[in-house]
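First comes one chain, alone, set out as structure tokens in the form predicted alone.
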């Protein structure tokens, strides 16, 4: 299992979410954020999207986010992928992939 953390431009957020929904992604967590990158051109508004996925879905999710969020200019954002040891659904007690 993996956690995909994507930071995208605010103006691309709705398009990214629509693409993820169209792919059948079951859920996301969203946080408003501000930040700056290597060019240090001031704090810019961003959206952070967290997605839990199985190993078979990760590359598809990354490709979709890259395709939709890319403008080709500085500040398009980042995607990070983290290994997850376990996920537990609080309501049901399901663990692992069935809890995604």
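Residue numbers count along the first chain shown, from 1. Computed from a predicted model, the values in this text were never measured in an experiment.
In what follows, reference is made to the form predicted together with a small molecule, a form of this protein that is not presented.
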For this session: Give a yes or no on whether every one of 3, 51 and 89 sits within 4.5 angstroms of the small molecule in the predicted complex by heavy atom.
Result: no
For this session: Please check if residue 78 has a heavy atom lying within 4.5 Å of any heavy atom of the small molecule in the predicted complex.
Result: yes
For this session: Using the partner position in the predicted complex, report whether residue 38 sits within 4.5 Å of the small molecule, counting heavy atoms only.
Result: yes
For this session: Decide whether residue 74 counts as a contact residue for the small molecule in the predicted complex under a heavy atom distance cut-off of 4.5 Å.
Result: yes
For this session: Indicate whether the small molecule has at least one heavy atom within 4.5 Å of a heavy atom of residue 100 in the predicted complex.
Result: no
